[in-house]
Every structure is written in structure tokens, then in C-alpha cells.
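Form predicted alone, single chain, as C-alpha cells, below.
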Amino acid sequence: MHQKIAIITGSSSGIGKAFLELVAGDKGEYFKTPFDEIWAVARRRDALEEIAASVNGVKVVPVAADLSDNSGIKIIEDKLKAEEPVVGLLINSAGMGIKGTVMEKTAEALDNTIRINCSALSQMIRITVPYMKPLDNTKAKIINIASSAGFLPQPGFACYAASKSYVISFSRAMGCELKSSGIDVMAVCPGPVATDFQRRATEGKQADFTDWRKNFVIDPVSLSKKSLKASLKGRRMLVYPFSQKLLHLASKIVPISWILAFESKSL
């Protein structure tokens, strides 16, 4: 009998870890049929094994894979081919971004941002969809973590914002392409989240948000709960919290030149 599984990338910390713990402890709040396993994907095997040992409920299977490299995708693809599970949930939470102007960043930093945020997310969907099926009349779900940064170009964070625009657009298109297959696709667009992202994005210079964004920081667990519930309802996009809904609206009605002028002041 085929194992019923969920796959969560970027699950060693932050939003991905919050998703992992919620799905592992689910008692029917999000999915009527419990998963047999959750494949936790991230680069660091030691961190994954530590989390797997601490999580109660569903068996967590650590899958150490660097998604910035094609070999990481192949590890997951080969495991899918070997085990042929039924995938009821795919959460693409792995992501990265380095703050600073494009000319300040290395070619490797720019390339890795695009590889992880865009290419790896796309490839994860491509290799996983053949194994995705509805479970007990609940459609299979794909949740892609985008960002409200994807609504607008962001000087000083240009590559990251553009990559998240890709995630939003790609998710919308995949939602249409996969509709007839019984698979729902949702993009999640949060504002600042209280994770280790800021420290990594500033290369260790800042652990917390220090500008106007510090007033809008949200908890990763709250975001993950909202995302799972929205996905269960068949939503195609979740913009969270309310402050980001206002930003989304502003991106549609305020001239881009005005917004760029405001953002350029922080460079």
C-alpha cells in the first residue's frame, strides 16, 4: 500500500518548521486523512534529525538536499520514484534573499536566490505532481511561500522581490493547469515574519527588522495556521496580515514611480 505523505521544503527552521510541526500534530483540523509520513527537506541533516526526534505525531523523514543545486532536486525525485508515495501536500517554503544593491552582491548570491526561490520551487512541483492525488475527497494541495515583496519592485532587495513576483505568477498559472487534476495551488504573501530570515538577508548585520517593517512582524506559527486553513478552503492566494492587504491594494492603484521614490530613500 502506498504511503500517504506531505513534503515540506525549508523545514529546518522558520516558516517551514512551523508548517512541519502543525501538520505533524494535526488532529483533523487541516486534513481529514492523517499523513503516514512527512518528508522534511532542507540542507542540514543534523537540524532535520533533531526536529524529527522532537516532533510528536506523524513520522518525520529527514531528506537532506541542497535545492540551490540540481543534485538536490534529483535526491527528492529519486526517492519519489523508488517509494511511489501518494503526495497529499507539498509546501514550498525554502527561500533566500540578500539585501543590498545588485552591484554589491556576488554573482553566486544572485544566482542562488533565483535558483532556490524560482527554479527549485518550479522543479519541486514538476517532480511531485505525478504522485499527487486527492485523499478522502480532499484535494491535494500545493502551498508556495511567496511574499508581499512580490507585489512591487524593491530597490535594495531587487532580486528577492522579483523572485517572489515569479512565485505569485507561477502559482496562479499552475492553479489553472492543475485544476483538472484535483490539485489546488495557493501562493502565500506575508509581510515580515519573525524568523532567522532578516539575519541571513543582512549577512549577520541585523537580527531583527529595524525600519518601518518592525511594526508589522508576524509569528510564523500564526502564518502557517492561516495558510493551512486558507488552503483547505481552496484559496488561490493568501495575503496576510491586514497591513499587507493594504500594500497589495496600493500596488494596484498608486503609481509605481511614487512607490519607487519612497523606497529609494532607504538605500
Ligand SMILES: NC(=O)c1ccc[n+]([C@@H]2O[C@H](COP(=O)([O-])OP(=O)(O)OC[C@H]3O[C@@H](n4cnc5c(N)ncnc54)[C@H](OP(=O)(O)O)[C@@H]3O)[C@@H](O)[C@H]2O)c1
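Position 1 is the first residue in the sequence shown; the rest follow in order. Just so it is clear, the structure is predicted and the values come from calculations on it, not from any experiment.
One more form of this protein should be noted, the form predicted together with the ligand, which is absent from this view; the next part is about it.
Student: Examine P85 and determine whether its closest non-hydrogen atom to the ligand in the predicted bound form is within 4.5 angstroms.
Tutor: Taking the distances in the predicted bound form, the answer for P85 is no, it never comes within 4.5 Å of the ligand.
Student: Even though the ligand is not shown here, does D66 get within 4.5 Å of it in the predicted bound form, heavy atoms only?
Tutor: Judged by the heavy-atom cut-off of 4.5 Å, D66 is in contact with the ligand in the predicted bound form.
Student: Taking the ligand as it sits in the predicted bound form, is Q123 in contact with it (heavy atom to heavy atom, 4.5 Å or less)?
Tutor: No, Q123 sits far enough from the ligand in the predicted bound form that none of its heavy atoms falls within 4.5 Å.
Student: Would G191 sit within 4.5 Å of the ligand in the predicted bound form, counting heavy atoms only?
Tutor: Close contact exists here: in the predicted bound form, G191 approaches the ligand to within 4.5 Å, heavy atoms only.
Student: Name the single residue among K229, R44, R236, K32 that comes within 4.5 Å of the ligand in the predicted bound form, judging by heavy atoms.
Tutor: Exactly one residue meets the criterion: R44.
Student: Go through 102-110, 124-132, 175-183, 139-147 and give me the stretch that gets within 4.5 Å of the ligand in the predicted bound form, heavy atoms only.
Tutor: Every other range fails; the passing one is 139-147.
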